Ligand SMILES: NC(=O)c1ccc[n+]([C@@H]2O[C@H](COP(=O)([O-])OP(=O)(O)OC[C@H]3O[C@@H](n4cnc5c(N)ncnc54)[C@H](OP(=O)(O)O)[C@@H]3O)[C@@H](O)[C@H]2O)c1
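A single chain, nothing else alongside it, follows as structure tokens in the form predicted on its own.
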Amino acid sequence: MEKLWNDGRRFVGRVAVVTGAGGALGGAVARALGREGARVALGYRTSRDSAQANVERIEAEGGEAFAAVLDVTEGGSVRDFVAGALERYGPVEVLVNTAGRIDPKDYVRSQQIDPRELAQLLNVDVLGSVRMCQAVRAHMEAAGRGAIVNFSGSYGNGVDPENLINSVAVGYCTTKGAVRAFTASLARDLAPLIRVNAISPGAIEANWEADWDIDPAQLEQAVAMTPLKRMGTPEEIAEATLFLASDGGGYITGQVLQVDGGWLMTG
């Protein structure tokens, strides 16, 4: 019988960890995994209420989930969180690293980069992903399979140096480039049992003005440069993430999937 790749319950029996699960993208990913049968461990650093609301939504739809504090910049916090997931649900088979720093200090031109701020950004986005991947590796090897999805970003295709959405925020781009390189090299290191890929979101609907201090007019210019002429939604990012983590994406590893409305095109 031909295998049905997507029956809407692709993650039944699997344990998934989502970092940054109090945020818009992490929350959408966690809820989608819960709908499809995964038992989900939601990690948050400060967004407790949002993460707990995501747990309640998963449970309301018949899923299993819990939320706990997770600081990906601290090795002890990472180990404790993964140990808690193991104790509650069993070995982790899916890891989605959505945790990332949100700070206007990271959206600056090269001359305004503060190396101390860049180090903090790297510690969250890059080293945080490294710590999480190290913590779940033994779980996945014991299970005989695993899927990791890191979060990179679409960058470097802008034309207006005064618009940091539609240009190149150098420190941010440096960090996201490091995530790409980490994803490719880790995929080779962990094959064949564990697949490692990354999602590269473009401009996604969020509270840009409050979180990043971005002028709405700058967003409009960036959207106008996007072939699909709109921002993406967190749910679209979640759907792409689940594909990479599912058996349907089972022959894909070491790749970065652009989910950016055509902002970057390669051919």
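Counting begins at 1, following the sequence as shown. Because the structure is a prediction, the values reported are computed rather than measured.
The same protein also exists as the form predicted together with the named molecule; that form is not shown, yet it is the one meant from here on.
Visitor: Would you classify Val256 as touching the named molecule in the predicted complex, given a 4.5 Å non-hydrogen atom cut-off?
Guide: Close contact is absent here: in the predicted complex, Val256 is far from the named molecule, nothing within 4.5 Å, heavy atoms only.
Visitor: Even though the partner isn't displayed, in the predicted complex is Ile214 close enough to the named molecule, meaning a heavy atom within 4.5 Å?
Guide: No, no contact at 4.5 Å.
Visitor: Is the gap between Lys176 and the named molecule in the predicted complex 4.5 Å or less for some heavy atom pair?
Guide: Contact check for Lys176: yes, within 4.5 Å of the named molecule in the predicted complex.
Visitor: At 4.5 Å between heavy atoms, is Met225 in contact with the named molecule in the predicted complex?
Guide: Outside the cut-off, so no.
Visitor: Only one of 238-246, 216-224, 55-63, 24-32 gets a heavy atom within 4.5 Å of the named molecule in the predicted complex; which is it?
Guide: Of the stretches listed, the one contacting the partner is 24-32.
Visitor: Looking at the named molecule in the predicted complex, is some heavy atom of each of Asn6, Pro91 and Gly146 within 4.5 Å of it?
Guide: Verified in the predicted complex; spot residues all out of contact, no.
Visitor: Which residue, Ala99, Val136, Ala85, Leu186, is the contact with the named molecule in the predicted complex, using a 4.5 Å heavy atom cutoff?
Guide: Spelling it out, the residue with a heavy atom inside the cut-off is Ala99.
Visitor: Residue by residue through 126-152, tell me which have a non-hydrogen atom within 4.5 angstroms of the named molecule in the predicted complex.
Guide: Those in contact are Phe151, Ser152.
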